[in-house]
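First comes one chain, alone, set out as structure tokens in the form predicted alone.
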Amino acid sequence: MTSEETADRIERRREGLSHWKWLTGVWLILTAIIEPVIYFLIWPHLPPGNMTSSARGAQFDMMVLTMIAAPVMVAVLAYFAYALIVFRHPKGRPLVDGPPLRGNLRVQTAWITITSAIVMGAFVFGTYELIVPAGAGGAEGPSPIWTPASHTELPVQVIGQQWIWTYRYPTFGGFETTQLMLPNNTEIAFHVTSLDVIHSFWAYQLGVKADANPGVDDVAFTQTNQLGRITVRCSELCGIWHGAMYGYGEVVSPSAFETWAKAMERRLAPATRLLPPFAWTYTPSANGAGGGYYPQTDPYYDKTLYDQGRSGPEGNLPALRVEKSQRVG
């Protein structure tokens, strides 16, 4: 290698170090600005909120992942802007190919080390976040590995059927309703199952998601800690009216829930006697919910008649004895 080639190589190295210093400085400044913004301003507004322990955990996890991803995003955008400004081709100069790029052992080693540390850190963090909140609102099957420490949960059975969600409360006589009502400051054990095809119970504000499989008791835990409305959707394609399989619920005070549950137990006692005995799973129907234990329900209107002579909100319940003169609709 001639002295001119050596000098040219040293100059290119100095120039490269200068670029790296500028890029590193810009990256550090922007990262120092955006990280506090994410932590103090964006975190409280990240979904799914903090209505339950699992929702709060999911919000915290999203904040952590966002703070990890933000410096990477800043580095990519900073380099993109720097390249547009510094490395643009000057007008009037001939287009000349740059020097060939060759492997750099230090860069390769640093890249593998840093990315491996991030992946392993995410693995440890994710595992910890699953164990501590008893499954983080995800379904754990009929024999949960991680359970709440209190062991005094309120069981709520979630039944999916084409195309509606219904809920049974075994501690209140096993009545069934389309209303999802939960007491605040309470550990909830959702037991999710299906009467026909595979559905997926997704209670957005609760941070709970569990598949509803026929013949399977899929258990998910969460603890309520905030009053408010709940939106429930099916997140598993389950047939033509999959998009219409949604509903709403509410987290209320413990006293309000107790009053509601006891009133519903008394009101629906005649209908509850017509249901199959409470169990964690029920015999699936080959012809959908209409051909098994439970009558068919249309998601757009309620055609169930009650002994009061009117249609009610419990569209999944079988019709009671109705006199001809009392029938309406």
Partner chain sequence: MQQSVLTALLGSAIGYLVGHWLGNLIASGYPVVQSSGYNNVAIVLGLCFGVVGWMVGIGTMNYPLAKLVGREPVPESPTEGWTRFFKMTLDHKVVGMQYIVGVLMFFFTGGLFAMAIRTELLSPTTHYWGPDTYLQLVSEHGTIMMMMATSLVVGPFGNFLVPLMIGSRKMAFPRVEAASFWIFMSGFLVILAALPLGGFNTGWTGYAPLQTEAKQGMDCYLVGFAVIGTGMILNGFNQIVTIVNYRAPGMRWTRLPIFVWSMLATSFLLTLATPVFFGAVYFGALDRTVQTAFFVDAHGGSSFLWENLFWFFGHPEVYIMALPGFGIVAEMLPVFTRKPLFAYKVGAAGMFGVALLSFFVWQHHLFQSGINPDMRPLFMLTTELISIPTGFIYLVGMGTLWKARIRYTVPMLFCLALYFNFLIGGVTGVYLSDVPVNVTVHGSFFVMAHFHYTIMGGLVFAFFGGVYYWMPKMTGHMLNDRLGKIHFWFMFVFFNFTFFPLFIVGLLGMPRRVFEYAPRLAHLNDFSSISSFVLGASFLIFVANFVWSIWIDPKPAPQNPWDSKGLEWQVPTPIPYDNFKRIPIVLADPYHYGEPDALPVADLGGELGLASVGAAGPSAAAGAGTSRTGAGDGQSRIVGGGPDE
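These numbers were taken from a predicted model, which means no experiment stands behind them. Between two forms, the rigid core is defined as the largest C-alpha subset superposing within 1.5 Å. Positions refer to the first chain, counted from 1.
Keep in mind that the form predicted in complex with its partner chain is missing from the display, and what follows is about it.
Proximity of L101, G138 and D211 to its partner chain in the model of the complex is complete: all three residues have a non-hydrogen atom within 4.5 angstroms.
Screening 183-191, 231-239, 250-258, 150-158 for residues having heavy atoms within 4.5 Å of its partner chain in the model of the complex returns a single hit, 231-239. Shown alone here, Y204 lies within 4.5 Å of its partner chain in the model of the complex, counting heavy atoms only. Its partner chain is not drawn, but in the model of the complex it has a heavy atom within 4.5 Å of D61. Among residues of the shown chain, T171 is not one whose heavy atoms approach its partner chain to within 4.5 Å in the model of the complex. Heavy atoms of P47 reach within 4.5 Å of its partner chain in the model of the complex, making it an interface residue. Taking its partner chain as it sits in the model of the complex, the stretch 54-85 comes within 4.5 angstroms of it through a non-hydrogen atom at A58, D61, M62, L65, T66, A69, M73, V76, L77, Y79, F80, A83, L84, I85. Core-superposed comparison between the shown form and the other one: the C-alpha position of L77 differs by no less than 2 Å.
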